[in-house]
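Two forms of a single protein chain come next, each set out by itself as structure tokens; they are called structure 1 and structure 2.
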Structure 1
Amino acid sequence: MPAEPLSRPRIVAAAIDLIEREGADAVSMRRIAADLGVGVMSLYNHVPSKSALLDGVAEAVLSQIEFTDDPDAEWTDRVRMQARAFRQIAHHYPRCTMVVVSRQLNSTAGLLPVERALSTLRDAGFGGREAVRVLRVFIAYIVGSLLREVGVTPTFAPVHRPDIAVADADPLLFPQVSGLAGPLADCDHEAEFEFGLEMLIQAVAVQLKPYG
């Protein structure tokens, strides 16, 4: 079988595979060329720089988000669907998701989720500036939750850290931590995400009333 021709999609796919195996720090043009079995200079015919390559990774991941938006549904349900869609793709590409949230994309793939979210909020009755602010709040929550799920930020539930024993906390110094050692030592990420999402939607709905 002849070798697959070198192309931008093939280079981006190799970068995605490498990131998921070893993390974004492992990415370099030389490393990608070695993984593909080609000369490093040949990559530049398709991708001008490492930064452009990482943009390509973010765009490729975002383009796979499956939005099932229903314009006739309540705005709260549309927000839930959009948040869950982003979380689902993050489960498929946990390490690449960290690349997604670190890039400022102006491509169709990068702007489409923003357009959908703003459209949903504007349809709900928010003014333009308020819709942008609400979007940023949701992004902060979703990204924070995803960072926790992939182990970048603390969960206050060290289920993957056997060296941290919450139950051993001194009850005199930390009565609440000691008394809640059980819940603190357990974290159902999906349940936690849905709990926080509901709280956020309800809080945003209250803010909507002055604009409705």
Structure 2
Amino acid sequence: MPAEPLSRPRIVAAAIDLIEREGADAVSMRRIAADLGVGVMSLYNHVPSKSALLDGVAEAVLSQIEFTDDPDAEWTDRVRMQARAFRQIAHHYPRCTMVVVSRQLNSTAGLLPVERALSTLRDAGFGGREAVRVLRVFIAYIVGSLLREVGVTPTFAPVHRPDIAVADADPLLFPQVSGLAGPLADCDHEAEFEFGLEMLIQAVAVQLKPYG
């Protein structure tokens, strides 16, 4: 009768499903067990704690990044691709994004993107320390963008809600905000992401000049 014999991957997958369907707040060991048709404590035979389970979620999501890195391509294109690959998973697992980002990930799943990025930057001509610095800037921008996209950080357009944040701003206290209510309210996430990404790449290119 037990079609599949319960395992860590199956539990992690159930957790991801649950998060995507009902949000991270809905996650509880009891709920996951129920979704799997299994007793609560059975989970602990495969997962040491809820925290470890969420680590597993982060790792699983992160390891699904599709990297199609072409070492012969222009470094700017490689950076673009890697940044987009990162963003893609946030688009694929929106409600998991916060979980992934807010977890200290020490696994290889977290290290591989770093390795690729450093490789790309060093190929581009950066020294070790410079590559690390530049990478940190990119990570900060990408993480910040994903958080906005996922709705945790303000777009100023409350997610799928009649706009309350900006529309009722007092025009006398906040002339700019209320004057720009329109642009502030709607946000083409992809376009915004690309806009900032291009700005960063171009800025990085300038940094690179002196070393060329």
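Residue positions are counted from 1 along structure 1's sequence. These numbers were taken from a predicted model, which means no experiment stands behind them. We call the rigid core the largest set of C-alpha positions that still match within 1.5 Å between the two forms.
Structure 1 is taken from the form predicted on its own, while structure 2 is not.
Core-superposed comparison between the two structures: the C-alpha position of E192 differs by less than 2 Å. The rigid-core alignment places the CA of G179 2 Å or more apart between the two structures. Relative to the superposed rigid core, Q64 undergoes a CA displacement smaller than 2 Å between the two structures. When the rigid core is fitted, A24 shows a C-alpha shift of 3.0 Å between the two structures.
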